[in-house]
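Shown below, as structure tokens, is a lone chain in the form predicted on its own; questions about how it binds or moves come after it.
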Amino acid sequence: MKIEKFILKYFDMIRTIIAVLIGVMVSVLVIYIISKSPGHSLMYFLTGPFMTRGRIGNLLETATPILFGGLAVSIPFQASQFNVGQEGAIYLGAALGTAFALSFHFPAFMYAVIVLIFAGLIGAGWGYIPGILKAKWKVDELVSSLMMNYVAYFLGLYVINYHFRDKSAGFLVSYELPHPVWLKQFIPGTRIHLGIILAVVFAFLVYYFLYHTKLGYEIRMTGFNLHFAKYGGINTFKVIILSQVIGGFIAGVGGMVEVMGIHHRFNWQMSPGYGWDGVVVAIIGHNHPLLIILASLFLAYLRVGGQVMNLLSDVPSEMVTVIESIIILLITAEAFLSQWKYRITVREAALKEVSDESAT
């Protein structure tokens, strides 16, 4: 049957949609249990992000760094490298990018581009370390990249606090970035800036890179089967390192975009969490760059809806964490809906066998 062939072809996507719907339904149930006015709480949660232009702006602003984080995670994930160091690359890229922007001056038309490239190179260098450790000495990239996040955090904090801190501000922030470095906010009543366009452009570039270039093919084949890739002549040593480096570059750019577009100075006293959000949307989007765009918008929608609900009702915004947790658990659970797929596969095989016998 055509519908069963469709299900088999797009099973992972259907499975993800079902996981998302289950997560939302569980959250609705919890809201009805804990809220004194569940109808209003649910309305604020589901429609809150679209009530005003400002909130729509908040949705897109929130999605921008998450999208960068998801793209940065997706490339090493495609190579089956579980690198979670993008959080550190985002933080350090933003901190050292800020230091660079405050230390040097360039012509206005190229100032922002140079700063973004520098921040990206910082992230790329940060990604190189777990990459070379894994490729050369088989050091587990999960452990090394996770530990390096703490190094990046304290290193960035040291640079800003001791060398670029604006002491007149009254709290830990850097000096304000020069105006030519700011990313223009172009919709009145919102803080939507050019970074959202840049993030979408990066998503399409990553898609083209992964699915239409030789190196992208090598990254995907290495992730599919490392031994098969080696047998096929792919330099897996190079692939492992480059996947981490390219992911780190995107993370560094993403961190600096957030500073240049929203804050206009480095003000992260804690790690912002965009690297971890990137892991979430990469899993939801199955590491596909275009699906990660939708996953980032969805996660941002949940976050903004949770904030509105927390502000206007008696339900805390932590409800969003419940939804995220359920979705991730269901998507990563191999057994979830596996029997359904198995039955459809068996039925399709039996029908094909009958059809072949009839033809002969």
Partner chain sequence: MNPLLKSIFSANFVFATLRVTTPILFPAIGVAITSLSGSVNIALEGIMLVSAFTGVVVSAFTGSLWLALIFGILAGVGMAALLGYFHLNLKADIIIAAIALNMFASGITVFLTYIFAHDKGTTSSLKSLVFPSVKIPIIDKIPVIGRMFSGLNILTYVALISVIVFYYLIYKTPLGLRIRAVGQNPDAAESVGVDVKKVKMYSLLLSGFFGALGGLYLSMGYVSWFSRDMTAGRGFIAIAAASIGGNLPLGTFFGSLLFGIVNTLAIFLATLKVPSELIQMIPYVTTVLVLAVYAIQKSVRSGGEE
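Positions refer to the first chain, counted from 1. Only a predicted model underlies this, so the values are computations on that prediction, with no experimental measurement involved.
Omitted here: the form predicted in complex with the partner chain. The next part is about that form.
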item	value
Of L183, I196, V245, M148, the one that lies within 4.5 Å of the partner chain in the predicted bound form (heavy atoms)	M148
Proximity to the partner chain in the predicted bound form, single hit among A112, L157, L177, V173 (heavy atom within 4.5 Å)	L157
Proximity to the partner chain in the predicted bound form (heavy atom, within 4.5 Å), stretch among 52-60, 39-47, 26-34, 288-296	26-34
The partner chain contact in the predicted bound form: Y162, any heavy atom under 4.5 Å	yes
Partner contact for A124 in the predicted bound form: the partner chain, 4.5 angstroms, heavy atom	no
The partner chain contact in the predicted bound form: Y128, any heavy atom under 4.5 Å	no
Partner contact for V315 in the predicted bound form: the partner chain, 4.5 angstroms, heavy atom	yes
Stretch 124-151: residues contacting the partner chain in the predicted bound form, 4.5 Å heavy atom cut-off	L133, W137, K138, V139, L142, V143, S144, L146, M147, M148, Y150, V151
